[in-house]
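Encoded as structure tokens, the following chain is the form predicted alone, with no partner shown.
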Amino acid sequence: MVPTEEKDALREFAASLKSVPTRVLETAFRTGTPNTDRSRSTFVFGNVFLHLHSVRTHRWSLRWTTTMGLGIMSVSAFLIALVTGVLLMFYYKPYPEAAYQSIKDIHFVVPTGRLIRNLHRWSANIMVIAVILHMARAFYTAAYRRPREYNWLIGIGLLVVTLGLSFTGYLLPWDQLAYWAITIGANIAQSPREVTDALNLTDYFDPGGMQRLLLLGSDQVGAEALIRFHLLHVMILPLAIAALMGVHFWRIRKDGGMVRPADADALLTARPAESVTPVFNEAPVKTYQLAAIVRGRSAAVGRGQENTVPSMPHLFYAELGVLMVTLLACLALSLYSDAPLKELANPSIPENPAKAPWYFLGLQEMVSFSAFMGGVGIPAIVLIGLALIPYLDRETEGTGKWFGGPGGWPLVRFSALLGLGVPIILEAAVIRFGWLREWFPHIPQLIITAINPGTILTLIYALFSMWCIRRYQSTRAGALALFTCFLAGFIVLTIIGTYFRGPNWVFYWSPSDWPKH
């Protein structure tokens, strides 16, 4: 006979085993299932990730047309690249003698290795595109205005680090495509020598040589460059981008959530009766700082909670949806197109045409006329201009609305046409008639540096922006014009560099017209 105590213990063990799923949920959600406003608020406060969100989210922020999910898409692509990158690190060997072979093993031997590598490559590209579009969305809705100026600067930092993260990964396969693309990047880093050589200062002051040395760790692309790029790609830049993302999200919360028009509540449609929650007091309680001595400066001052919903589950589900769409897009592209892998890197056989990554092909097009202005000067002007926008545009009209402000959509539309047309005309003229060096072979290099298609294009855009400021008496109008022009010019130059430049960077209508070897 089995003792009664043993029977009871077995029953208790069986009951405990049966209750495991319930207990897991109870221990994961200590406040219970978040199905009331209070439990949802506690869930957000107590979750290390969701704590970056506010407890409640305005309904305007959940509209698809407000953000199009571009910020979350950028984060989702980064997470996919992070996970697949960690998996690739199990097989990758970061030294020249084995790097190429390890990539071949991943691509052809390791189970699912090709899929993981393709996912890594496509998620990186989607991240670059999403970050650029996210910045454009923030600009066109004037999301850089007070109190969000600092977060705009953080966004610029995220753009730069994203491009650096993608660029440093380009060398790791150690094939011809990677080797010569990084060689182009190193030459761009060295481009200040174009000016110091013309002034006979290179022997005394050589910032270009210093930049190249810091980038490559040597005077050429070799083992030192590979280990530096690997360290930057797998450790330093991911940590930097994670830190910047954390600050970016936190500032979104502290700055009052996503930007929205002043009349957003009136623009929203009436809420269905079944979703109505208790009405909040129109006069917000949190108006003053400690001891009610000083009026608070946070974005919450003067705002009630009308037209808001709990972030959990509404915002959380929306973010999960964007994550799933991003993963689906990466999977579809990975199954459709493999990550490229050319022959083993060979310093003695130049790749022709040697092209930078697609997001730098616009720069490479300008670099073909002046290495310094195309690779350093004009990009620096663009970044400084972007950083100054929130501090120069102190207007309030149109905040939170697409293309808001004086001029609006008609101005953006005209600026886009101008931004597309001017570089096409300039490129057509240069391709047909050449430039100053072809006309005057002995012209000083400093003149070529100062007067080239890139600087002329920038000057035309700047003059048009100044005209818009005077025409509309608005800094916002000038910013709309300038940003749109540069965005359109970037698209045109990228397309030309991608599809119409062949061997020796000569213009061809089609790769089928390239010289046959």
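As the structure is a computational prediction, the values presented were derived from the model and not from experiment. From 1 onward, residues are counted along the sequence shown.
Not pictured, yet referred to below: the form predicted together with a small molecule.
Although the partner is absent here, G362 is not a contact residue: none of its heavy atoms lies within 4.5 angstroms of the small molecule in the predicted bound form. Proximity of T162 to the small molecule in the predicted bound form falls within the 4.5 Å heavy atom cutoff. In the predicted bound form, none of the heavy atoms of A356 sits within 4.5 Å of a heavy atom of the small molecule. Among heavy atoms of S166, some come within 4.5 Å of the small molecule in the predicted bound form. Contact with the small molecule in the predicted bound form, defined as a heavy atom within 4.5 Å, is made by none of L213, A223 and A225. Comment: the small molecule is not present in this chain, but in the predicted bound form one of A339, I389, L411, A186 has a heavy atom within 4.5 Å of it, namely A339.
Interface residue among I378, L426, M73, V234, judged by heavy atoms within 4.5 Å of the small molecule in the predicted bound form: V234. Just one listed stretch, out of 137 to 145, 76 to 84, 260 to 268, 189 to 197, contacts the small molecule in the predicted bound form at the 4.5 Å heavy atom level, and that stretch is 76 to 84.
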